[in-house]
Each structure stands twice: as structure tokens, then as C-alpha cells.
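We begin with a single chain expressed as C-alpha cells, specifically the form predicted on its own.
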Amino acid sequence: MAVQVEVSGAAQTAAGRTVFVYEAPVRLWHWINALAISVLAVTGYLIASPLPSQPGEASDNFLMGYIRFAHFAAAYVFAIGFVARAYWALVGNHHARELFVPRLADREWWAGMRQELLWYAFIARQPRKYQGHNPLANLMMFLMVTLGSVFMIVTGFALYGEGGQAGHWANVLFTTWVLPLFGQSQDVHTWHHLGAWMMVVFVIVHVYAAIREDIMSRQTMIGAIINGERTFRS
């Protein structure tokens, strides 16, 4: 088995070698972010494809208003969490920076990328093992979580500011330049909607890959984001 693990200071356990990877703020952000994305995905879908009209007087129903409120509230949590996560990338351990800094200039990183592609394609017989993200996961996290989050925050708050009208903070910071950049409001809606579906697909693949690696690569992937420790099973 080809093994690539940084093991300095690692502890030996009955199951194998255990290393501490994810600090508490990273783990907390991960699960809060997962919840925020879930709320955003469901409410965003309902905003784009509204429910049938409710019976009775319009003044007696505020269903879509509650859905929009939940979407906006989750958006604030998502955006503030992303800023906090970026801050922790500066002050946390080196694993906290993987989300923002793929090692594109590292030839060994690219070699690991090739190995991971063969492994996920069921061609390679054994994976390499990493304390943090493997190169393929590192790249996808950067593209979909880091750049994807920035895209969704910028376009989302541009649309939010449009509803807030001139003088609203989101209108001043985002709407005034994002809408002209994309062309018009409907274009921003379309790109934001497309970005949301890409995020949903990424989450599905991410969950599948985490469970697959936990089982097949003999290392704790899911447990690591719960207690921070990764054990490389013998």
C-alpha cells in the first residue's frame, strides 16, 4: 500500500495511528454550514418554484414570507460563517488553510491528484493516505466551497439588496455593481439558481466520497469532522 501520512507526534491506538486534524472551530463551522446549506437549498427551491396558492384571504397567509425569511436568515448564517472560517484559516493550524490554498505549484500534489483520480475510478488498487484533504478533495473544496461560497454570497446579497432598494447596505455593497456586471436582475437570478444546484450536487458527491473513503481507504473520514481525530486503520 502506498501511504503518505504526516505522522510526527501521532498517537498509537489499538486501531492504528491517530492524528489530530480538525480544530473545534473548523468542525463547528462544518456542521453549521451544512445546516445553513440545507435550509438555503430547500427554501431556495420553493422561492424559485412557489407552492400553489393558499386558500382564504391573502392577508391571512404568510407562507412564502416565512420561507423567504428562513432563506435570508440562513444566508446571513452562511455568509458570517464563511467570513469566520476565513479568519480561522489565518490563525488555525495548517489543515485549516487547506480549504483556501490548494498547492497548485507542488508537483507531488499533482501526482497525488492523478493517484486519487485512479482510485475514485476504481482503477488504482490502493489510495494514498493524508492527514487532511487529499489533493482531489483539496481542489474540489477550493472550487466548490471557497469560490462557490463567494459566488453564492455575492449574487445572493445582490438580489437581496435589490429588494431592499437604494440605500440598503446590500444594495450599496453588491446590487449596484453585480447586476450591471451580469447584465440584468434575471441573469443574476439564473446564475444564482444554477450555482445552488451545483452546490447541491457537490454536497451529494461529498457525502458519498466521505462514506466511501471511510470504508474503503481504512481511515476515519466522518469521525474526523466530529472529534477532530483521524485514525489510520491497520
Partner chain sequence: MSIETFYEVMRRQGISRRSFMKFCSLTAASLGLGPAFAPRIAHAMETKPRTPVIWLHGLECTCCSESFIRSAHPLAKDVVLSMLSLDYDDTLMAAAGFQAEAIIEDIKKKYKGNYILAVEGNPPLNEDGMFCIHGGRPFVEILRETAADAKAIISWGACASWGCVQAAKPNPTRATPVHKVITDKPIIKVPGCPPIAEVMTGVVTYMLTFDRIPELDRQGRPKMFYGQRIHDKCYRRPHFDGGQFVEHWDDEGARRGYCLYKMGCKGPTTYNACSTTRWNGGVSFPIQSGHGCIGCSEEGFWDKGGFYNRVTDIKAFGVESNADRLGGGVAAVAGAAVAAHAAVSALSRARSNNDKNPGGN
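Note that this is a predicted model, so its numbers are computed, not measured. Numbering follows the first chain given and starts at 1.
Another form exists, predicted together with the partner chain; not displayed. Remarks below refer to it.
- The shortest heavy atom separation between L194 and the partner chain in the predicted bound form is within 4.5 Å.
- Remark: E98 does not count among the residues lining the partner chain in the predicted bound form, judged by a heavy atom distance of 4.5 Å or less.
- Residue contact with the partner chain in the predicted bound form: A48 places a heavy atom within 4.5 Å of it.
- Within this chain, V39 is remote from the site of the partner chain in the predicted bound form, having no heavy atom within 4.5 Å.
- Of the residues I32, A70, V26, V200, just one reaches the partner chain in the predicted bound form with a heavy atom at 4.5 Å or closer; this is V200.
- Residues Y120, F122, R125 are the members of 100-130 with a non-hydrogen atom no more than 4.5 angstroms from the partner chain in the predicted bound form.
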